[in-house]
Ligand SMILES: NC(=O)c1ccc[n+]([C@@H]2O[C@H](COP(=O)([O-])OP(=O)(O)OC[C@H]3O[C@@H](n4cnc5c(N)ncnc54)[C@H](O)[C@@H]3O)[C@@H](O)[C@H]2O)c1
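Below you will find one chain, with nothing else, as structure tokens; this is the form predicted alone, and questions on how it binds or moves follow later.
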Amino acid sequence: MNRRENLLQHIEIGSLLDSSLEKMLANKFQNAKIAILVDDNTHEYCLEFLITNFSQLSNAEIIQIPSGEESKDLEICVQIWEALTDYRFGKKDLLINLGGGMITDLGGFVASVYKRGISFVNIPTSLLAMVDAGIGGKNGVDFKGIKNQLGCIQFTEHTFVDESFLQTLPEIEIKNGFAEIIKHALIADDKLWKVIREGNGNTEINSDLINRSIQIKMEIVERDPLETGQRKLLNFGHTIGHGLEGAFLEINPISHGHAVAIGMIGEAYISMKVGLLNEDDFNEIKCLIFAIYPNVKFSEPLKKEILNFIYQDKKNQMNKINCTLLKGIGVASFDNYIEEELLVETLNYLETL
């Protein structure tokens, strides 16, 4: 068991059966009511394993919501709050979020707001949730199609990362999470980038990749938990990526990881255009990402919609677009304000690839 602890959050990486979950349930939450939040997929593939192996969960309330990003909204939150209220959950009770990024984002938000905050545990079951969404304390829901427009920063009681859950995932979901591993390499670790590059588009996952990716994210979060500075580095690829994800949601949804991957190409292009990133590094980034993810095509009206979503980005100030950019592979900078003309040029460039 490789256990990573810090002041903000306890994360255990390894078999859930060898973790401290059973001890935690038997001690701290011995007399607590427990609810397990799942979606359709984790209800079918993961829930039985959890309940069968942890007797303390045999009487847990099961709250099931539909799979997919469409469930990450206030209407679903209200339904969960109503359920917790009907179950008479109190301040000392526990919500376990068993699922991918949608479940950990939404479940953390629900728990953080209910009675001004109850304890919650994340058991991420997707690669995206293991290396990004399920760790770091960010919780939220979408609003009017805008990614994570409503949310808060509240850290879990504990997070348990068990790679065996990845066996339940299709390849497309591995690629969805792999984009965040690429991002962590590009912003903070050129050695990790070299490992990924040597794979030449191979998205096979191992413990070293997961452990290092989690380590990079949590080291940044520890330095800046409330995202006043350094934590903004983690937004690389997300300004354009969230714009793409939001604009495509109603017509032909693309995964978060796919959108961020294309967003990283776009923001690497901006980095090159403003003189931060050299052309060779940009081409290397572009070629590797395109070896894994197909480009997306968008019409002129959709391009305007992408811009509208980008202007809703939380990092923006005084209606200026704020990007995290690369100064080299493994080195990034935050709070780079760019003009709309450069962003339009970038979208036009992406469209030609």
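Numbers for residues come from their place in the sequence shown, where the first is 1. All of these numbers come straight from a predicted model, not from anything done at the bench.
Separately, the form predicted together with the named molecule exists; it is not shown, and the next lines address it.
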Worksheet item: Is residue 256 one of the residues lying within 4.5 Å of the named molecule in the model of the complex, judged by heavy atom distances?
Response: yes
Worksheet item: Is residue 79 close to the named molecule in the model of the complex, meaning a heavy atom pair under 4.5 Å apart or at it?
Response: no
Worksheet item: Taking 4.5 angstroms as the cut-off for heavy atoms, does residue 165 touch the named molecule in the model of the complex?
Response: yes
Item to complete: Could you confirm whether residue 128 comes within 4.5 Å of the named molecule in the model of the complex, counting heavy atoms only?
Response: yes
Worksheet item: the named molecule in the model of the complex: within 4.5 Å of a heavy atom of each of 189, 212 and 337?
Response: no
Worksheet item: Quick one: which of 303 to 311, 319 to 327, 34 to 42, 283 to 291 gets within 4.5 Å of the named molecule in the model of the complex, going by heavy atoms?
Response: 34 to 42
Worksheet item: If you check 121, 265, 118, 133 against the named molecule in the model of the complex, which one has a heavy atom within 4.5 Å?
Response: 133
Fill in: Partner contacts in the model of the complex for 71 to 108 (non-hydrogen atom within 4.5 angstroms of the named molecule)
72, 100, 101, 102, 103, 105
